[in-house]
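Structure 1 and structure 2, given next as structure tokens, are two forms of the same protein chain, each shown alone.
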Structure 1
Amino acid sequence: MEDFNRTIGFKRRILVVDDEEINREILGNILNETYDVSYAEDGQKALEMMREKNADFSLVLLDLLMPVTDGFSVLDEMQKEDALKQIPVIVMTSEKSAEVKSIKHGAYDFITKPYDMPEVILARCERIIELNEDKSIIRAAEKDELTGLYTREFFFEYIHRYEHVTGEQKMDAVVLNIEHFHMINEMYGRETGDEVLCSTASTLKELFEKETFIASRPDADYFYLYMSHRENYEGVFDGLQEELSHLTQLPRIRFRIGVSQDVDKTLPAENRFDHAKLACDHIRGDYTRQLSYYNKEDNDRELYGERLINDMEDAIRNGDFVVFYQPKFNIQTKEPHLRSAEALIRWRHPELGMVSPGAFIPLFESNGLIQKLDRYVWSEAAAQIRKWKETYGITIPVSVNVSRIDIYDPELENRLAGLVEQNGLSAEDLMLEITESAYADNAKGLIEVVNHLRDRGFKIEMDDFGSGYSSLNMLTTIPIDVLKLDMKFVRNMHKDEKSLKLVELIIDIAKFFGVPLVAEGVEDEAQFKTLKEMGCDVIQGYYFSKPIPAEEFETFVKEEKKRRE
């Protein structure tokens, strides 16, 4: 602060209050070179000057024995007004007995009369002003100006200090968020938004005034509470919303609350509230729940998911994603024979080992990264078809997934056609699997895309048929080339009569539409025989082979080559 004032040439203002002119002159001569000095001959005049607009005194030098209003009365009046009690006071006295009384009335320090040591007076003035300015800066940074709650940095510092005193006391971290707060600002104005924030802060203080707690507003519409542990928070905050609606006259204000109970004190305070905020954000947009508890398993899952997202680009670049192939066998012949394959992605993570597709595929589908992964699989599969064709002289068609995100890519058709052309293949060698979720999203758009792809020669497979409500409707509107029976029907068909009948019905539907049916998830002899007798055309599953790397799949390619020869 001293460097700042020196740099800009700023002189602090000091008020000297003494009824004796000679004393005012002596102090003025000592201070004038360093400070902007003003004078008052009695306490009443001093109070009037301090109350003036833009008075901005950095220090008051106050005599105790004066007419009209004495020094003790001035100190008492200053303590009654927020603006005045922030101004430090040095009492000027020759009476040692007055020092203790002055301290009790709010004085900072003393200068003894007579004023025979100018350098001491200057040093004391400078020190008191510096300490008070530092205190003012800390005070300003300590509290949120709007709500009066602690700012983020001081909140965590006070937690740290509090725990030195409380020791092993169990504590909870609570994060509260006002849902869609920006809409309050937009609809009712920022002034109303500020009123909501202030009312929230004051209501929280009242709600927990009898408990041990520290509160902060670290961000615009978030509130952090560090409070004594309780086993259940159900109903604890119910009164908050009603009180706020009453105070602000707004329609019902909705909160989300995340709680991390009995926090791990070996973690930094910031991390404990990260956990509570994770729980709070977990129910964003979920109007069936207002309260959520932090769960370490959920947190670990989130961290794992973030790790996979962050590592995805490197995995593609480094070839950590590997395309496996699962054979599809035609079973409506004397001996089953290889008809085609499905490309299935696997992730050999250099640190995490084999990552399950069930872990990363839904994750990438939710954030759009699946499109990059799909393109990688298409490219690898097309290159593999070409390699088998060049090595063995036969073409094994491969099915690849086309996600609902891919479907609406305006470059999809050209991208697929380019891959086929680059690898010297025909369009029907790269079969495209779609699911009904894309149909549910945009039926008209999907129909248009599928028609364009089929016009270019691509074969369309409808994957997981029967798993959703729109499957039958899709068949009447979208031209497809292959139906794939959802594996749950196959898995259950020998467990209950209904599943068996449904499999039979779907096979009949495929025959009615004149397209082959592929049954997924076939694992045993009984399933194989039943499907063959029902007239199912093609099966894939562990009965013949699990998904395997391309080099292992070549065994099936060689056998198919011999059969054809």
Structure 2
Amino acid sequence: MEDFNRTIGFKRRILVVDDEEINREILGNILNETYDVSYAEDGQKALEMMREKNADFSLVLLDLLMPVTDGFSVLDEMQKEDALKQIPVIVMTSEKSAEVKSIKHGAYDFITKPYDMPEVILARCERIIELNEDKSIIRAAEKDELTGLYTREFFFEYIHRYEHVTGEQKMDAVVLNIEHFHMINEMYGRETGDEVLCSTASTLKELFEKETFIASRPDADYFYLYMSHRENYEGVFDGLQEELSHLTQLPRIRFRIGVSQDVDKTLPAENRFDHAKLACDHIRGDYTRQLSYYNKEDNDRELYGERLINDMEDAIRNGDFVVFYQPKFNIQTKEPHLRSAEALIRWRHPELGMVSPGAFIPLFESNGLIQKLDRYVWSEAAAQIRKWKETYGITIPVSVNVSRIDIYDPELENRLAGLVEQNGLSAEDLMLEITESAYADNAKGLIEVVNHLRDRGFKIEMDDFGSGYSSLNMLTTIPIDVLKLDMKFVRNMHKDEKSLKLVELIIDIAKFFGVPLVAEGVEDEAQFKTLKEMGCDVIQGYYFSKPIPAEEFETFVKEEKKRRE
């Protein structure tokens, strides 16, 4: 700043106010070199000159004792006018007592009479001008012009500085956003929009004026507040909502509030507000909630999800996805024997280790990425069936998952038929599992697709039967080849009577429709025996084997081959 002031190419204007011409001349003589000096012989004249357009004085040197309007009155008048208030004043006085009084009236500094050495006067003038300019530059940059709240950079800077002062005090980061703010601008014009922003700012200041609190409008209709911790924010911003409703009369316009409580001060201030903003944006458009708290677990889960989504394509390319196989056993024969397998995807992430399917499958289902993964599994499974067939001379059918979104793929049939053909299999070797809930979703479209697939020889298994909302009636209209009992029935059948009864019932239903029933999640001998007694046809679960890599699975294939011989 110093360099800037010295090198800037124009002279700043100074107004010298003194009723004695000789004094004015002495000062003028001192200041002329460096400044463009104007003179006024009394207070009234001085004020008039300051009010002139483009007056632009950088400093006023003011005598105190003058006839008509004295120096104190000039100071008082200047305090009343915004433009004049910005001009720094150095008071010239010979009385010590007047120094304190003049500072109280708004003077920046004083020069004693008789005048100090010219160098001292020049140095004082320069220093005061510089201080004032720095201050006004900072003032202009630190505040948002519209609302008077801090701008983003200064807000974070002040939080940072404030930290050293408050130390241990618990603080909360709060982010407010006006939902549908663009509607205010559109329906009422920008002026009203601005008015809403301004009154938001002033209402916030009023609401929290008694607490430790600093506020910013970092962006458009977002407001950031850094404030003393409170346990509960319920109702805290009601005054603001009232003000907003009053101003706009728009029922859909309201505030959304995200809070990160007792922020981690080891994090940069920006991150603390990222958290509050996440919470705030999380409830965008949710009219049942106006307030949302940042939760680290939620955030971590979200970040983890983002990571998985980002890494998914690379993982397919790099072969990080591995297909495991879980055997299904026929149990109604004398000895249980291998009937088929289910292909299950596993993700060996190079950095995260084994990623649970529970973490990525629902995620990929929700954004459609599952389609890519399904196709990958289909082709791996088809190749595997072929490999076993070539190696051991027997065919072990493998069921693969067909997700809801795959049903809408017009190429689904051709894709699957192509795979079967490429690997020299028959369609029934690649069994297709469709979850019950997919049936409920789009029964008509699905029936059509399923019919086409069955026409081409594919076998359809209804997965997770009993977990969804399908009515029994649906079973009469939907063509299926196998029912798979949802694993939670098996898990609970020895814990509560109802589950046991339901298993029995579903077994009967399967019999009624003439399709085999597969029970999933069978873990122990008791479950196995009960299911066998009840007439369940096929069992899948840890009782026989967990899902295992293809190489390990070969043991089962070999056994089956031996049995058949």
Partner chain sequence: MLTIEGLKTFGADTENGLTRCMNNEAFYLKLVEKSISDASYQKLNEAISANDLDAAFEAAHALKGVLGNLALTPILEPVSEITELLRARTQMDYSPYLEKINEKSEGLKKLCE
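By rigid core we mean the largest C-alpha set that fits within 1.5 Å across both forms. Counting starts at 1 and follows the sequence of structure 1. Nothing here was measured: the structure is a model prediction, and the numbers come from that model.
* Since only one of the two is the form predicted on its own, can you say which one? -> Of the two forms shown, it is structure 1 that corresponds to the form predicted on its own, while structure 2 does not.
* **CA of Asp63, rigid core aligned, shift of 2 Å or more between the two structures** => Where the cores coincide, Asp63 still shows a C-alpha shift between the two structures that is 2 Å or more.
* Using a rigid core alignment, state whether the CA of Arg152 is displaced by 2 Å or more between the two structures. => Yes, because once the rigid core is superposed, the C-alpha of Arg152 moves 2 Å or more between the two structures.
* Phe72: CA shift of at least 2 Å between the two structures after core fit? -> It does, since the Phe72 C-alpha is displaced 2 Å or more between the two structures after the core fit.
* Asked: Cα shift of Val89 between the two structures after core superposition, in Å?
  -> For Val89, the alpha-carbon shift amounts to 14.8 Å.
* Asked: Rigid-core fit: what Cα movement does Asp219 have between the two structures, in Å to one decimal?
  -> Its alpha carbon moves by 4.8 Å.
* **Rigid-core-fitted C-alpha displacement of Asp262 between the two structures (angstrom)** => The shift comes out to 3.0 Å.
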